[in-house]
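One chain is shown next in structure tokens, namely the form predicted alone.
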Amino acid sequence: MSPNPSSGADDAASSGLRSPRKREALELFRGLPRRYDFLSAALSFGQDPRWRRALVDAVAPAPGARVLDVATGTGMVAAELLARGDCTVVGVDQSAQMLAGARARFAGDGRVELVEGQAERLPFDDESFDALTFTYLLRYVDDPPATLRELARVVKPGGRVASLEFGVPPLPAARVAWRFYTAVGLPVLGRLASREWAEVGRFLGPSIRGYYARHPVQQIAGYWREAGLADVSVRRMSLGGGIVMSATKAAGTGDARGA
């Protein structure tokens, strides 16, 4: 994730870490990297890898593209991007522990650069990437619209942006099953894996519900458009348990910071 953040970015990072939401996210992911890939797939009944593949489909980087993967974690989306085509990837994550997993995955692979940093203040110039992906990010930031403006800032006009987030199924029967699994099944299965995953199991359901109570899906799509992203697509997968959103950076958007 290897340009070093500027002093301004360092100040922003320090400020961000004082946010309870940011501190909670860092603490939550501290003990997860060792079996993150396997357990995220297992606890989603194999849907998480499928959603990540759909995310990469939505970006479809061209040969030679430079792609920024924000909230890269252990590098699962970055690996999928590399598997799809002749591109290079810069992965950014605020968790040193998760990045350690990504560094182990990509050891010796010159196509990947990993940078520790925060989505709210990216250490990159305007319009420096051909495409951008981010995964399970906006629930952990204090200002989703401002974060989306910052993400859009570093993408070239015409570049693709895509995200993956958990969703709440809209159909009543599926929503009841989802609520039961997130309230009962996920905490129990997480407890079988480890103390850290038990905490994730307790956290996820309330976190996802709370996020959409504050930011309904169509409102989030509006944040994308306000950030200068056009033709916003919302794809609900697995009865709505996963949501892939994608768009194209509009021409003439310019520097979106502070807009």
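Every value quoted in this text rests on a predicted model; they were computed, and no experiment measured them. Residue positions are given as counts along the sequence shown, with the first one as 1.
In what follows, reference is made to the form predicted in complex with a small molecule, a form of this protein that is not presented.
In the predicted bound form, no residue of the candidate spot (G91, L114 and E127) has a heavy atom lying within 4.5 Å of the small molecule.
Of the candidates L186, L137, A102, C87, L137 is the one whose heavy atoms come within 4.5 Å of the small molecule in the predicted bound form; the others do not. Just one of A79, V168, L132, A119 comes within 4.5 Å of the small molecule in the predicted bound form, counting any heavy atom, and that one is A119. At the 4.5 Å threshold, heavy atoms of A71 reach the small molecule in the predicted bound form. For the chain shown alone, M98 is a contact residue for the small molecule in the predicted bound form, at least one non-hydrogen atom being within 4.5 angstroms. Taking the partner from elsewhere, V141 is found to have a heavy atom lying within 4.5 Å of the small molecule in the predicted bound form. Though the partner is left out of this view, W51 does not reach within 4.5 Å of the small molecule in the predicted bound form, counting heavy atoms only.
Picking from 79 to 87, 176 to 184, 119 to 127, 154 to 162 the stretch near the small molecule in the predicted bound form, with a 4.5 Å limit on heavy atoms, gives 119 to 127.
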